[in-house]
Each structure stands twice: as C-alpha cells, then as structure tokens.
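Heads up, the chain below is alone and in the form predicted on its own; it's given as structure tokens.
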Amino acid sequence: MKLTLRVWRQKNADADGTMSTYEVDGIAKDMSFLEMLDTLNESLILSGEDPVAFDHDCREGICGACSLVINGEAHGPERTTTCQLHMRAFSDGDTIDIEPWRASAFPVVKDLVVDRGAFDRIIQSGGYITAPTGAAPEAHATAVPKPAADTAFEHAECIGCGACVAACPNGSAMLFTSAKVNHLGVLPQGAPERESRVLDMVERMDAEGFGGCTLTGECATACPKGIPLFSITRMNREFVRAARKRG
C-alpha cells in the first residue's frame, strides 16, 4: 500500500507544533500500525531527517504505552491498542492523520509522545493497599466471593493507556480512576482504605487538571480493554458515601 501520513511534529514541550505530510510506500496489510511508523522513521533517518518520536514498549496490547489519535479516534478505527491495530484496517491511497493524546493534563513531550505522569500521581494517592511486607500469604487465607473477584478482574484489565481521556470531549480521567478505585474497593484486602482511597484519588485527579465527567460514554467506547461505563457511576456512589462520612 501507498499512504499519505499527516503527522504531528513538535520539537519539545515549549515549541509550537504542526502537521507534517509524508508519503510511505510498500506497506503490507499485515504490518502493525507501529511497524508502519518504523518504516516511515527508517526513511526519515536515511534522508537525514529527525525520526518521529512515539511511545511504545511491549507491542502486545498489554503495557498501555502506545498512545496515538488516528484519524480523530483514540487508537484508531478498531477497539484495540495502537500496537495491535494492523494496516488491513486501511486502504491503498488513504490519508491518515496521526496526533498525540489531546488533553491539558497530558502535555506533549515531543511529536507524538505525551507525559502521562498525572496517571502515576493518581495511583500514588491511593491506588494501593497497605499491607505488611514479608512472605506471600496463603492464597486461600482470605476468601473472596466470586462476584467480587469477577468485578475486580474486570476493572484490573485497565492498562492506563489514556484513551479514555483522549476520547472524552471534556478530557476526563474518570474511567481510569474508577477502574483503579473499583478494582481494589470490592476486595476484602482493599476494604480498610476503601473510603480514603476514593476521596484521595478523585481529589488528585481534579488537581491534575482533568475535565469533569458528563457521562457521554466516549471513554468506554474507546477503551481497548472494555472497562464499562457503570464503573464511573459505581465510583460516584462510593465517593458520595465516603464524603458524607468524612463530613
């Protein structure tokens, strides 16, 4: 396939960015989207130009590092991560716009790379359980009801890619935060800090400059791991309950 790529180029966080146009040829339909970008970068390096900077790590849809807005959609036209998107989703002669996540809480570092440190700070504020260190406890020492285990696993699938924020018209991080809150909140190990966790994590999320949630549902639609929208309403109930107790 021969494609026209319009790629966001930005030298650094302080520089102005612009869309630059490139032509790539010989792209196989079985290539992943990131392999296509690798091909572009090889040609740029050979011609003495600066390659396009983009995030990636495992390239297996697990780590959440890859983060691109493709033709206006977070991760592209399929419900998967960018690294698992293949070029068979496009046609010969297509023009593809490639941009970084767009959110004030995710400042651009360079080109398509953004700083998602805000997610880390939300996790640091309460996305953990306090437990004594030492040898691993017996697996069956604390019984977990099957429905609670299923709910915890469903929310634990969140990989922190940030597609929910990029897709949300308000730039909200409610789906990400609720996934982390609900993952631990339904387990007996997370119960002692259940109330402080939701209050602290929501407070940190607001402090990071994410937008407010209006439940438009774009976040759940874009999520490559299928975190459900009701995760947000569940966290909202937890937040109201905890706030009333704190007074």
Partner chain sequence: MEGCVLTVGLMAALDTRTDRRPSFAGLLWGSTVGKKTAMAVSGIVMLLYLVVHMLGNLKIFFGAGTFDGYAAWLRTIGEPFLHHEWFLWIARVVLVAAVVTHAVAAYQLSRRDIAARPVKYARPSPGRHPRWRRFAPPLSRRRRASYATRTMRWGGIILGLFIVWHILDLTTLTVNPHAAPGHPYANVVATFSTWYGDVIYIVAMLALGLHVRHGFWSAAQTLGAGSAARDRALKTTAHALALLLTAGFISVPVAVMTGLVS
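Computed from a prediction, not measured in an experiment: that's the story for all the values here. Positions refer to the first chain, counted from 1.
Although not depicted, the form predicted together with its partner chain is the subject of the following passage.
- Not displayed here, its partner chain is approached by G209 to within 4.5 Å at the level of heavy atoms in the model of the complex.
- Proximity of L199 to its partner chain in the model of the complex falls within the 4.5 Å heavy atom cutoff.
- Although the partner is absent from this view, T221 contacts its partner chain in the model of the complex, with a non-hydrogen atom inside 4.5 angstroms.
- Contact check for A89: a heavy atom falls within 4.5 Å of its partner chain in the model of the complex.
- Residues of just one listed stretch (178-186, 65-73, 26-34, 40-48) have heavy atoms within 4.5 Å of its partner chain in the model of the complex: 65-73.
- Of the residues given (C158, L112, C168, A118), C168 alone sits with a heavy atom within 4.5 Å of its partner chain in the model of the complex.
- Although its partner chain is not shown here, in the model of the complex the stretch 83-98 places heavy atoms of A89, T95, I96, D97 within 4.5 Å of it, in sequence order.
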